[in-house]
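Single chain ahead, written as structure tokens, the form predicted alone.
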């Protein structure tokens, strides 16, 4: 298990704040499969939260089942970030996290995300003011960062100890640089260097701050390998969970030396998709539900249609995905799922282009 500040998690597995995907509906779907110790919101604009814009409030939506939950803020103005931290504390956050890892231009051009790795004095001011803002609420502050901006210039292993001195209670490190974005493979040695640097600093200073590894965890053995190779205290899973919401359950079993559970049946996988649909309709509206399911069916489809024909070839589910993308109403989607469960809408084999999606 993992403890972050005063918050004890049931497992050391965290659902990452995946931009555009980690809404309340998906967080609850993942939680219900088991193994999730903490789930994080999509990255949140403090200005949007403070202005009460509909999009920001939707991204920050949570409920009683969605606990413990981390709310992740992005930005580069210390005072605004501190106000955003206060807002999060007053609207259900268990933990507040500062995004220091997003490589997207629209975020970094405003001194947010991984740009904070390049302006350490500002970053320290942000942490300092956020810690002060959260003290009355007794809520921990954490950060998620990348190894650095450029591939040959590591930053995190030097910056993380400084942030710990300012009050950061956990560090999540994505094993890539901003320059890499999401290309290449995760740098486990880079994560290990951050773990070592934080460990040495904590031993000397008396702090107890865990480092959480992140990147390329797609199957349960990946999580175990990351922990064994880097010494990290926990694992944050992002894109790997989009097609496999039960991945946390599997990782937790393998990390604890048990057999990986059998993959859910087709009926169970379809029940997950239906539950996601129901949550979207409950928390948002039909328009949002249809937009999301059309884009998410490619992810869910990676684990559907895996049954094989007489020659051992995967049947595929391209017709199902096409039917969902063409659907006009939630009823149309449910009908397509029912037809697939009954044995229809099969074919297309393994769709290599979609299986390579980020």
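Residue numbers count along the first chain shown, from 1. Every value quoted in this text rests on a predicted model; they were computed, and no experiment measured them.
The same protein has a further form, the form predicted together with a small molecule, not shown here; the description that follows concerns it.
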Original post:
Does the 4.5 Å heavy atom contact test between residue 84 and the small molecule in the predicted complex come out positive?
Top reply: no
Subject >> residue 9: touches the small molecule in the predicted complex, heavy atom cutoff 4.5 angstroms >> reply: no
Original post:
Should residue 43 be counted as a contact of the small molecule in the predicted complex, where contact means heavy atoms within 4.5 Å?
Top reply: yes
Subject >> Residue contact check: residue 334 to the small molecule in the predicted complex, 4.5 Å heavy atom >> reply: no
Original post:
Picking from 129-137, 156-164, 273-281, 238-246, which part of the chain touches the small molecule in the predicted complex when contact means heavy atoms within 4.5 Å?
Top reply: 238-246
**OP:** State the residue from 123, 94, 169, 214 whose non-hydrogen atoms include one within 4.5 Å of the small molecule in the predicted complex.
**Re:** 214
